[in-house]
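Just the one chain here, the form predicted alone, laid out as structure tokens.
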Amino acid sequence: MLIELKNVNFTYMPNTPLAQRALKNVNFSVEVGEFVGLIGPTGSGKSTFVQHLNGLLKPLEGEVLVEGKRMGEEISPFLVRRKVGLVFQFPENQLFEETVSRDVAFGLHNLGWAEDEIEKRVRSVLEMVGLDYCKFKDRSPFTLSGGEMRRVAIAGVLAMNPSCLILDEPASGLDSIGKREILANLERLNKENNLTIILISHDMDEISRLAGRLVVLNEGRIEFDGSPRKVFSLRDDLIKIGLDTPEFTSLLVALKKGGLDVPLDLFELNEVKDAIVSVLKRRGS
């Protein structure tokens, strides 16, 4: 098991009139190589949840284990943050060095890596996120497009060679090209590098296509946990807590209400098309 949360509770400003309970008896685990989508309405506790996974927040009750070791006792939060990288929303706001290569290498310099090893690592992670090392290494991060800046920020986290990468809305605010490139690179990192990815997103079409597993948070609790097909089949329950469903799900529901006996747990264009054609052929025969 890569990361495990056991009966985790967390309250902001405890023992004060402003106390706000953000996580409630959360149990969660993730294996190496999983791609987990994390969804939930605003205020459901998603950001609080992921900050427990890499030690930025410490549970008031319960425990967090990384590779079987209790965080804060058997493994330090500092070491955990090298294993579990967290990329906040709009990470390009954290870029500050004069060149792309210096920004990506910042953490490695702090760890005392040799210059030749730093160069190899920077070259490697820039290529991981789809940026040509020779083309980008000497450019100022602030001359790049929004999507390129975000990929540089992700590369800076990947440079620390994490076992797990957590991203909070990584495609937010990007144009369609930048969004497509970011998501394609995350998908490739998961499949080719066996990198565990936990992705927070409000885009249900995006999350249904990328994630092999969905975790739904609501009011600090894990409401549902399962495959996209299983979770999105609970459409009425999701709508009750303020979540949308993929566009294809809405289309299929409308067709079913109109009398077409189509399945509701399809998310890919080709399978939706084939299902509709099959039903129409049956009706016409």
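Residues carry their position along the shown sequence, with the first being 1. These numbers were taken from a predicted model, which means no experiment stands behind them.
Absent from the display: the form predicted together with a small molecule. The rest refers to it.
Residue-level contact is defined here as any heavy atom of the residue lying within 4.5 Å of the small molecule in the predicted bound form; does residue 20 satisfy this criterion?
Yes, residue 20 is a contact residue.
4.5 Å heavy atom contact, residue 233 to the small molecule in the predicted bound form
Heavy-atom contact with the small molecule at 4.5 Å: absent for residue 233.
Answer yes if any heavy atom of residue 41 is within 4.5 Å of a heavy atom of the small molecule in the predicted bound form; otherwise answer no.
Residue-level check for residue 41: yes, a contact with the small molecule.
How about residue 37 - does it come within 4.5 Å of the small molecule in the predicted bound form, if we only consider non-hydrogen atoms?
Residue 37: no, not in contact with the small molecule in the predicted bound form.
So which stretch, 58-66, 43-51, 29-37, 242-250, is the one near the small molecule in the predicted bound form (non-hydrogen atoms, 4.5 Å)?
So the stretch in question is 43-51.
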